[in-house]
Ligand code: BES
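Below sits a lone chain in C-alpha cells, taken as the form predicted on its own.
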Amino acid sequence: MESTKISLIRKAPENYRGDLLVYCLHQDEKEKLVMGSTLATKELKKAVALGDFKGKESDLLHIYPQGTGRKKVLAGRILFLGLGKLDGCSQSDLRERFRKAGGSIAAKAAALNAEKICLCLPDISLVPGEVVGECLVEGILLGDYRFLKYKKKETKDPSFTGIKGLGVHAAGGEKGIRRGLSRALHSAYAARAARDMANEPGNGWTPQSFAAYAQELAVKHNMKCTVFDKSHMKRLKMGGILAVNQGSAEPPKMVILEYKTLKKKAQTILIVGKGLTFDSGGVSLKPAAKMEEMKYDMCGGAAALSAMGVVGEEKPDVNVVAIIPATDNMSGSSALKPGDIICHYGGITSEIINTDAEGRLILADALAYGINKFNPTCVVDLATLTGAVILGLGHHRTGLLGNSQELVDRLLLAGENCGELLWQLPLDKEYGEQIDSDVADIKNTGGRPAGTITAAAYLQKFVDDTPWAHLDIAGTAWNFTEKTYIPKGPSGTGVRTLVDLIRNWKKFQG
C-alpha cells in the first residue's frame, strides 16, 4: 500500500479543498450534542432537530455543503461523527473510543472514494489534544488497511485503494500534536506491516523473508542483524527448530535484531516471536478445513519484527533485542515423528507426543539462546501457540502467563492503552507436572486439559529465573474482535502492545 501523507493544516477548515472535511462531536453529561466551532451549523442543527444525528457513538452524517452564511466551504463533503457521552470514561476507554472513531472515518472515506481528507480535532477537556490526535489518526490508518498485492488492478471503475492525504487541523492549538501524530504513524504502520506479512501466502513469506526484512531494518535504523542458518543451528545444538524443520524443503532461519541505546547502564528487553511460516501439523496432520489459515502461524514473529521498526524510528532509552525462530512444519519423509526425542539448546531433552505442538519447540531454543547470550532484564514472547486459548478466551483477549507479576502488570496496562486486551492465566507448578516425561526431561504436550497453560509451562523450563511473560495470540492474531479499525483476517495484534510497553518503559525492579 502507498503511505498516507499526513500534515498539520493551519488554514481555516472552510478553505480546505480536499474530498472530505471531518468533525468529531461528543455529547455533554446530559447527552446533548456539543457542536463547538463546526462549519455547516445550519445543516447540522436541522439534522439534530429531525433526529437524524444525535452525536451518539458511531453516529454518522455527511452533507454536501453549499456555504454557511458568508463562508464558502471548499471541501467536497463534510462528515460529522458522533463520539457519544465521554464523561465517566476511563482514559483507556477514551483512547479506544477515538481509535474506533478513526476506523469509522476510514470506512466512510472508502465508501465515498475520498482520497484527501481533513480531520478537525475536537477540543476535549478530558483528554490532551496530543492523545486525541494520536488515537484518531491511529484508528484512521489502521482502518484504511487493505492487502492488494495479489489482486489484478482494475482499469475500468477502479476500486478505492486508500487515503492518500490526511490533513489534521487542531483548533485547540498544536502543542504536542506533532508528537502524537508521529506516534500514531509509527505504531499504525508497524501493525500494518505485520498484517502484510501475515497476509502473504506460505510460498510468499518464508524464513528467508524474515531475514531479509530484518536486514533492511538494520540498515535503515543502524541496528545489528544476525541470521543463523541451518549449519549454525547444528553447531549450537538447537534441536527444537531443527526437529520442526526436518520435513521441509525450506531451510530454517533464526533472525536476531538488536537495538542498543546510547544511554549508559540501560536495561534490556528481549522479544521472541514465533515465526512458523506455515503449519501443516507435520506427521500429526491438521484437518484440511481451514488449513490455509496456518499461514498465519508466524504472526508472533511478525509482531516482534514490526515492533522493532518503531524502536528504530523512536530510539527509546532501553535496549531491545528481537529473536524470530523461523521455519515451516511439513510432513516430508524426514519429518519429526511422535515418540522421537530431541535435545534443545542448553541440553534439555523432550519427548515428542504430537508434532503439531511445534511452536514451543522453536521458541524454547530461541528463549534459551537469547537469555544466555544477552542476559536480558526481562523477556516477552508472542506466539499463535494453542487452539485451547480460543476455547478459553474466544477471539477477544490474548492469553497472558508469566513468572513475573511486575512484567505481567505492565503488559496488561499496555494492552489496555492500545485496545489489545489481555487476560492473565495461572501458571502453578502443578501444570508443569503435566509435561513430565518417563523417557526424557519433558514432553511437548500435557494433554487437552489446560492446554494453553501447559504450553507456557513448557516454555518456562527455558527461562530459569529471568522475568518472563508469554502472550498466546492464537485467538487474536486473526478473527480478532470486530472493530472499525481491525480488518477481517490478520489483525497485527501484539505490535502496538509491545510498542506501548517500550515507549512507557521505566526501570524494571524485578
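Since the structure is predicted, the reported quantities are computational estimates derived from the model, not experimental observations. Numbering starts at 1 and runs along the sequence shown.
Below: the form predicted together with the ligand, not depicted.
- At a distance of at most 4.5 angstroms from the ligand in the predicted bound form, none of the three residues C24, E134 and I177 contributes a non-hydrogen atom.
- None of E358, D381, E138, D365 but one reaches within 4.5 angstroms of the ligand in the predicted bound form through a heavy atom, and that residue is E358.
- With the partner omitted here, the residue from A304, L385, I117, L257 that has a non-hydrogen atom within 4.5 angstroms of the ligand in the predicted bound form is L385.
- When contacts are judged by a 4.5 Å heavy atom cut-off, M294 counts as touching the ligand in the predicted bound form.
- Using a 4.5 angstroms threshold between heavy atoms, T445 counts as touching the ligand in the predicted bound form.
- Taking non-hydrogen atoms only, I390 approaches the ligand to within 4.5 angstroms in the predicted bound form.
- Interface residue remark: S159 is not counted as part of the site for the ligand in the predicted bound form, having no heavy atom within 4.5 Å.
- Residues placing heavy atoms within 4.5 Å of the ligand in the predicted bound form fall in a single listed stretch, namely 278 to 286, out of 278 to 286, 177 to 185, 92 to 100, 222 to 230.
- Contacts between 454 to 473 and the ligand, taken as any heavy atom within 4.5 Å in the predicted bound form, involve no residue at all.
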